[in-house]
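Take a look at this single chain, the form predicted on its own, given in C-alpha cells.
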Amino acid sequence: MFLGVLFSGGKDSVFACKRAMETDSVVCLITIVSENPDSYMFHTPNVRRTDLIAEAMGLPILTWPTRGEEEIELDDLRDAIAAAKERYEIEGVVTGAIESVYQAARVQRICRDLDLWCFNPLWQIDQVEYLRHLVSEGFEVIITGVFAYPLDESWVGARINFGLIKKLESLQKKYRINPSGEGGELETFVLDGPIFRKRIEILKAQKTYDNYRGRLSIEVARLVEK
C-alpha cells in the first residue's frame, strides 16, 4: 500500500514512518507549516526544517501552509492530504498519534472522507518503552521545545538518551507528565536514525527560555555523510 506520512520532523512522526516502512511503501511526507506557534493540531518548532530530514531520508515532501486557526486549520490539512493523494497516489495516511484523541479523530475523519486508510502505529504505546526503543534503534533526537513545569532551561537542546528517559519516567510519576510529550510538554527534532541516508548537523541554533517555556530554533544546518 502507498502511504503518506503526516510529518513534523519530531520523533513521533519519524518513528511512525519507520514502522510504516516495515509493512508498506512510504511514498511521501506531508508537512503542515502553521503560522500559529500554539497550533492545536500541528507541531511547530523547526517545522520548516522538515525538508532537510526528507532529503536525509530520500523521500519527497509536500509542504502546506495554514494560519493555524482552531478547527479551520483542518480544512488546510484536508487540502494537503487530498493533494498528496492526487500527486503521489497515496492509499493511506500515517500519523504519529499516541494518545491524543483530539488529533487522531480529526485525521481519521478526513481520511474517511477522502477514502484513505488511517494508520496510527504508535497508538496507545507505552511511552517510556517507546522512548527506549527510539534510543536502542539508533535514533538521535533532541528536545527543541519545552512547555511545562518542571522542565527547566537545561532540557532545551538536550539529547534523548537512557539517562534522560529515566528523568522523564521520574517526572511522570511525580508530576503526571507525558514522558513522550504527548500532552504538549515537549517537542523534538530528529537528527539521525536507521532510515536516514545522511545525518543532520546543526551549525547554528538559538535558544530562548522563560517561565518553563523554551525553544531551540535551528538557524543553520546541513547534511553530512554517515
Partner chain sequence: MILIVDLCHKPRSLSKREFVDPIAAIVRRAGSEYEVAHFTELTEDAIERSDRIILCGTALKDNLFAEEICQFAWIEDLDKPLLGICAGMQVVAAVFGGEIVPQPKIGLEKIEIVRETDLLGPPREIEGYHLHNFGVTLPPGFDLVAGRPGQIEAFKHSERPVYGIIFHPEVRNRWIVEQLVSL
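Model, not experiment: these values are computed from the prediction. Positions refer to the first chain, counted from 1.
Just so you know, the form predicted together with the partner chain exists too; it's not on screen, but the next bit is about it.
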*Can Ser136 be called a contact residue for the partner chain in the predicted complex at 4.5 Å between heavy atoms?*
no
*Indicate whether the partner chain has at least one heavy atom within 4.5 Å of a heavy atom of Glu99 in the predicted complex.*
yes
*asked:* When the contact criterion is heavy atoms within 4.5 Å, does Tyr149 count as touching the partner chain in the predicted complex?
replied: no
*Using a 4.5 Å heavy atom cut-off, state whether Phe119 contacts the partner chain in the predicted complex.*
yes
*asked:* I need the one stretch from 198-206, 19-27, 214-222, 6-14 whose residues put non-hydrogen atoms within 4.5 angstroms of the partner chain in the predicted complex.
replied: 19-27
*For the heavy atom contacts within 4.5 Å of the partner chain in the predicted complex, list the residues of 77-109 involved, in sequence order.*
Val94, Glu99, Val101, Ala104, Ala105, Gln108, Arg109
